[in-house]
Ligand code: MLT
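A single chain, nothing else alongside it, follows as structure tokens in the form predicted on its own.
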């Protein structure tokens, strides 16, 4: 699977994996703000943006292997790998399957646990609607209002409008495939204890999709993790509070570089 990728800057490779149901376009502020410090690599996960969906069964493992293949194509042996929400699930899968390639991990507004039965069933119902209607109206009605926090809704209307535009441009069949992949993802909690690479966990203080408790559980399970809460942000920390997000990643990268010397 060849992923469409935006690749800017120089320095330590930093791979950022986007949230559902967006694309690598969500990382604009990171490409602009982090390129002086990192080589920022932001692929469209399969089916989203410019990447084909392919014929594989829905699986976050397949998405993680796509990222490994991308690094091979780019000639990159190891990188900081990070993701937000669905991108975090893919990052966790990448850490399970390709741990030797991870210099450090960034997990934003995501969790290690699998879906509870009710959440899994809701994903399947959403996937069925997306496939039947061939429209993302269900995402605009049910998911979009929860993607950003109340501070963004009150004070940053342009940010909300941009997120809405990204959701509207999502191919329905890709969204259905991704919903099924997330519904089938395994619980990664036990695997966290074996992952000793430095990890940065970022969590929006106003996130109603992933809880602070979810983030703290990951931080406690990981041997070498730091949790930073992002004020004034809901689920999409990198979009809602890009400067705070970028500052945290920059400091994480600097500390990681000092450790590797």
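Residue numbers count along the first chain shown, from 1. Please read these numbers as outputs of a predicted model, since none were measured by experiment.
The same protein also has a form predicted in complex with the ligand, omitted here; what follows describes it.
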item: Site test, 27, 238 and 246 vs the ligand in the model of the complex, non-hydrogen atom cutoff 4.5 Å; value: no
item: Contact segment among 69 to 77, 82 to 90, 127 to 135, 152 to 160, judged by heavy atoms lying within 4.5 Å of the ligand in the model of the complex; value: 82 to 90
item: Any non-hydrogen atom of residue 123 within 4.5 angstroms of the ligand in the model of the complex; value: yes
item: Partner proximity in the model of the complex: residue 16 to the ligand, non-hydrogen atom cutoff 4.5 Å; value: no
item: is_contact(residue 181, the ligand) in the model of the complex, heavy atom dist at most 4.5 Å; value: no
item: In the model of the complex, residue 252 touching the ligand (heavy atom, 4.5 Å); value: no
item: Candidate from 53, 219, 209, 228 lying within 4.5 Å of the ligand in the model of the complex - any heavy atom; value: 209
item: One residue of 114, 102, 143, 167 in contact with the ligand, assessed in the model of the complex (non-hydrogen atom, 4.5 angstroms); value: 143
